[in-house]
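The chain that follows stands alone, in the form predicted on its own, written as structure tokens.
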């Protein structure tokens, strides 16, 4: 049996690795939004941000003193990235390749 979530996770992992050094906004499942520079990402889509700020500092005053953070991938709701950093053609091509590999693996 093929683990499709593994292929999808690796596709996102490769994409996020290309965004290292770029500014992103990570929205967590608890409604906290953290802006910062993407420092690293791992195969579990855990994210490390540097030079962070929060969108609602009144609601999360304890975050004002935090400059860097590690975010577990399972608590991320959305990751907002600059539009100029996204190449739709490249993503569609990578998605097609992954789908083709999944189809071949399922048929094997």
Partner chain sequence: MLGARTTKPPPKKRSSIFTYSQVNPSPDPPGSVINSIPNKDYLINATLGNSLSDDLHDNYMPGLLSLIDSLDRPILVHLRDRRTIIGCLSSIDTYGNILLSNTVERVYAMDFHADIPRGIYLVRGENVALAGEVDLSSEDPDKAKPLKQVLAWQEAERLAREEKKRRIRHMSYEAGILSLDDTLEDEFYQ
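Fair warning: this is a prediction, and the values are worked out from it, not measured in the lab. Residue numbers count along the first chain shown, from 1.
The same protein also exists as the form predicted in complex with the partner chain; that form is not shown, yet it is the one meant from here on.
At least one heavy atom of residue 63 is located within 4.5 Å of the partner chain in the predicted bound form.
Residue contact check for residue 96: none of its heavy atoms lie within 4.5 Å of the partner chain in the predicted bound form. Although the partner is absent here, residue 37 sits far enough away that none of its heavy atoms falls within 4.5 Å of the partner chain in the predicted bound form.
Shown alone here, residue 22 lies farther than 4.5 Å from the partner chain in the predicted bound form, counting heavy atoms only. For the stretch 71-95, the set of residues having any non-hydrogen atom within 4.5 angstroms of the partner chain in the predicted bound form comprises 71, 72, 75, 77, in sequence order.
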